[in-house]
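The form predicted on its own is given below as one chain in structure tokens.
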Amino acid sequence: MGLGRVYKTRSETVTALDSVDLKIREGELFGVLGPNGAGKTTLIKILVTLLLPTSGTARVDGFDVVTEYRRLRPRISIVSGGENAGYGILKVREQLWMFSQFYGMPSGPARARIDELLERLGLADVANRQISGLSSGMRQKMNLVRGLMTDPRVLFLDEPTVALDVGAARDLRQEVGRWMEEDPTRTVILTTHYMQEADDLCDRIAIVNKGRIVIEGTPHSLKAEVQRDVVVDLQLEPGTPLLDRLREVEGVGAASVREEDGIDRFSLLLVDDGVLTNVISTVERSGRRVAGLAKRQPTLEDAFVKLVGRSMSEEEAN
């Protein structure tokens, strides 16, 4: 409760976490969603006892992360995206067995558990291949095997699908889902900046920005924050910058833009349909040409833009 973390250098003080309060239920897949630099990884490092908080307290599976870390560590596990833990000269099975010994697992059960998980994640055929020869997707699947083989009570996934292709990311998500279904008391805490991943997987989500919890709730309840708005996708051919001018149009609650295939794709939250007339007038006065226009249902990205005022990519750039 009231969790905080401050980093100090000679020239500045940076608040990475500011009075964070969260209560995560047993058996829940809880998402921490926010841009890079929002404080997600700092939060996870504190919860897995790798970093001390500057202020406040935290308990995981009933244990204080500072005073009871020795009792907590055997009950948790963490898998991070882009992780390169271990030794590239080792083979997959050798690497996993080595980690099982670090965890204090009896050798026989450890080998059986490793083989079971390698089979489930489609890695049985590369069990005797050197890690240096694995693709990034295979390497991350191997990291998930390492994270699961001790049967943790709480599994932390820190950006687990970053830089993975669609197939590898899907396989990881499916295995996590299957692992949770086997025991309804298992808990997963996922950090991500992928909106669709959070929407698809999480029971509840906390949106984090600049070290603070902006809002917390189910994906449905977060999207309901913008249900009363008219959500419009406006596609414009390249031209003069227009985002700030559109944000100034009366009745535009929030706006964001991304470039895709040479087209500027604006997402606008309008208080009602009537605002669209003024939006189009602003576009025409700028000399920009409309390539497409459509209304759609709100997404988590829309909720983020409304609550924060800017898109995820703008926050990361800032």
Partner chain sequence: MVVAPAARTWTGFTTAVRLGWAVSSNWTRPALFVIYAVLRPISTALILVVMYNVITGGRGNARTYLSFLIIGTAFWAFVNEGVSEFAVGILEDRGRFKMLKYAYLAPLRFPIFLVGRASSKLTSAAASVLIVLVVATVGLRLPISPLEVNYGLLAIACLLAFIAVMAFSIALSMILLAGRDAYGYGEIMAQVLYLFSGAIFPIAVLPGPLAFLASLSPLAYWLELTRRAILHGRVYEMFPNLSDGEVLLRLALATAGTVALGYLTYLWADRRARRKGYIDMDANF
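Since we're looking at a predicted model, the values are computed, not measured. Residue numbers count along the first chain shown, from 1.
Although it is not shown, the form predicted together with the partner chain is what the next lines describe.
Residue stretch of 196-204, 231-239, 172-180, 70-78 approaching the partner chain in the model of the complex, non-hydrogen atom distance within 4.5 Å: Looking at the other structure, the answer is 70-78.
Mind checking whether each of T192, R265 and R289 has a heavy atom within 4.5 Å of the partner chain in the model of the complex? Negative, none of the three is within 4.5 Å.
Between the options V257, V48, V249, L270, which residue brings a heavy atom to within 4.5 Å of the partner chain in the model of the complex? By the 4.5 Å heavy-atom cutoff, the listed residue in contact is V48.
Given that the partner chain is left out here, which of A112, M98, A163, V214 has a heavy atom within 4.5 Å of it in the model of the complex? Exactly one residue meets the criterion: M98.
Would you check, heavy atoms only and a 4.5 Å threshold, whether V66 touches the partner chain in the model of the complex? Looking in the model of the complex, residue contacts with the partner chain include V66, since a heavy atom lies within 4.5 Å.
Taking 4.5 angstroms as the cut-off for heavy atoms, does G88 touch the partner chain in the model of the complex? Yes, G88 lies within 4.5 Å of the partner chain in the model of the complex.
Please run the contact check for G167 against the partner chain in the model of the complex: heavy atoms, 4.5 angstroms, yes or no? It does not: once the partner chain is placed as it appears in the model of the complex, G167 has no heavy atom within 4.5 Å of it.
Taking heavy atoms and a 4.5 Å cut-off, does P106 contact the partner chain in the model of the complex? Contact with the partner chain, yes.
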